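Before any questions on how it binds or moves, here is one chain, the form predicted on its own, in structure tokens.
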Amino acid sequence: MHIADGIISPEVCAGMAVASAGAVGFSLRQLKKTETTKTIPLTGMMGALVFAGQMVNFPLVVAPVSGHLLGGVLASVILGPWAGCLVVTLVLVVQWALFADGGMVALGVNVFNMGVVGALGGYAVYAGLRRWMPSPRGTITSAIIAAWLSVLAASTMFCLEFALSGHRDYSLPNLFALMTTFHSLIGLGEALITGFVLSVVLDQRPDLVYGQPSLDIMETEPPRRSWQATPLRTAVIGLMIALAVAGFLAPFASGYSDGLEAVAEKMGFDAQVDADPQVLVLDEYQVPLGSEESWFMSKLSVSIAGIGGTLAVFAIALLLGRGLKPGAEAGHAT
């Protein structure tokens, strides 16, 4: 889903960059009003988890195509929509800056599709559904549906941006059909991951989920766990899980083209997708070790890159959180 430079026109990229900057800026202002001390470590944890999760491409089974977690709905359901949007934006910026994943000119497009549409739009769907299903099971069901729709919405946005870029040599109906077909399957993986992670968090510490009641006011249904998983401890555990995913699963991610790459190959604009990116640090998720032809060294290279990127996202998210003045503690549980 990460769009490289040269696919979307500079004019459309500029428009999307302005829209993304406005949405991210608004999210920052809203978060500054409601940020709590316990949100800061959880934001870092969620950023690390989303970054690591996006490194693990999974095969679609029914086609030689892969997909990966977007994480917008997962982050916004747990942290709230504003923090969720910022988490996805931070992940996208680190992916572009450190690993040249996604284009520099297209960064605003990627933020809009995955951060604004994926996180804010996905949360709006989740919130609307949850009104009709307020139970914990309904919360999970709402998140699963919203996660699936968020992937479809992001792929549809790409089709619209592609059309506005004036690519008249390509069949837009075919583009839309391919994008929605592949990403409806990728969305199933997104929905399953979102539902699983959310069910674990709701089982262990439901008060850490945005909008859920705080433990100190949960009189009728106390937590089943006796150990005290504070936000900081939860964040550390989440970071360890993210590092394990980046270190041990990412090197074995599916080698199939992802949804957008597969569509580009079928439509004939894959040369633009594969064009040399603007490299700031590394041109792929690999750290040069000098023996990449070795199977072990190539996997180790990806593992080191993943761990480094995960720690970078976690650290930047903590610094960003520190820069925001904590508001009322009750703001998290509204």
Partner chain sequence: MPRDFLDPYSRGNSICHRLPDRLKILLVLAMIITALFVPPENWPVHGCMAAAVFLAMTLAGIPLRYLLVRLMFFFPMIMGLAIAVPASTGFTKGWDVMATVLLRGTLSFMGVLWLVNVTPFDRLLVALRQLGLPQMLAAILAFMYRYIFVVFDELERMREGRRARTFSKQGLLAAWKTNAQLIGMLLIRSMNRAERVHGAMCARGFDGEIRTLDS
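Note that the rigid core is defined as the largest set of C-alphas that superpose within 1.5 Å between two forms. Positions refer to the first chain, counted from 1. Not measured: the values here are computed from a predicted model.
The form predicted together with its partner chain is left out here; the points below concern that form.
Legend entry - All of R131, A153 and A244 with a heavy atom within 4.5 Å of its partner chain in the predicted complex: The answer is no: none of the three residues contacts the partner (heavy atom, 4.5 Å cut-off).
Legend entry - Close approach of G22 to its partner chain in the predicted complex, 4.5 Å, heavy atom: Although its partner chain is absent here, G22 would stay clear of it in the predicted complex, with no heavy atoms inside 4.5 Å.
Inset, instruction - Spell out, yes or no, whether the shortest heavy atom distance between L178 and its partner chain in the predicted complex is within 4.5 Å. - result: Taking the distances in the predicted complex, the answer for L178 is yes, it comes within 4.5 Å of its partner chain.
Legend entry - Contact label in the predicted complex: V56 to its partner chain, heavy atom within 4.5 Å: Yes.
Inset, instruction - Answer yes if any heavy atom of G108 is within 4.5 Å of a heavy atom of its partner chain in the predicted complex; otherwise answer no. - result: Looking in the predicted complex, residue contacts with its partner chain do not include G108, since no heavy atom lies within 4.5 Å.
Legend entry - The unique member of L149, I140, V201, M157 whose heavy atoms fall within 4.5 Å of its partner chain in the predicted complex: Filtering the options by heavy-atom distance leaves V201.
Legend entry - Among the candidates V117, I144, A235, L208, the residue which, in the predicted complex, approaches its partner chain to within 4.5 Å (heavy atoms): Filtering the options by heavy-atom distance leaves L208.
Inset, instruction - Please name which of the stretches 118-126, 236-244, 132-140, 99-107 has residues with heavy atoms lying within 4.5 Å of its partner chain in the predicted complex. - result: Of the options, only 99-107 has residues within 4.5 Å of the partner.
Legend entry - Heavy atom contacts to its partner chain in the predicted complex at 4.5 Å, residues of 152-180 in sequence order: Heavy-atom contacts within 4.5 Å come from F158, F162, H167, R168, D169, Y170, S171, N174, L175, L178, M179.
Legend entry - Did L28 shift 2 Å or more between this form and the one not shown, C-alpha, core superposed: It does not reach a 2 Å shift.
Inset, instruction - Would you mind telling me if V56 and V201 are closer or farther apart in the predicted complex than in the shown form, C-alpha to C-alpha, with a 3 Å or larger change? - result: Distance between the C-alphas of V56 and V201: shorter in the predicted complex, by 3 Å or more.
Inset, instruction - Kindly indicate if, in the predicted complex, the C-alpha atoms of C159 and V56 are closer or farther apart than in the structure shown, bearing in mind the change is 3 Å or more. - result: Between the C-alphas of V56 and C159, the gap widens in the predicted complex (3 Å or more compared with this form).
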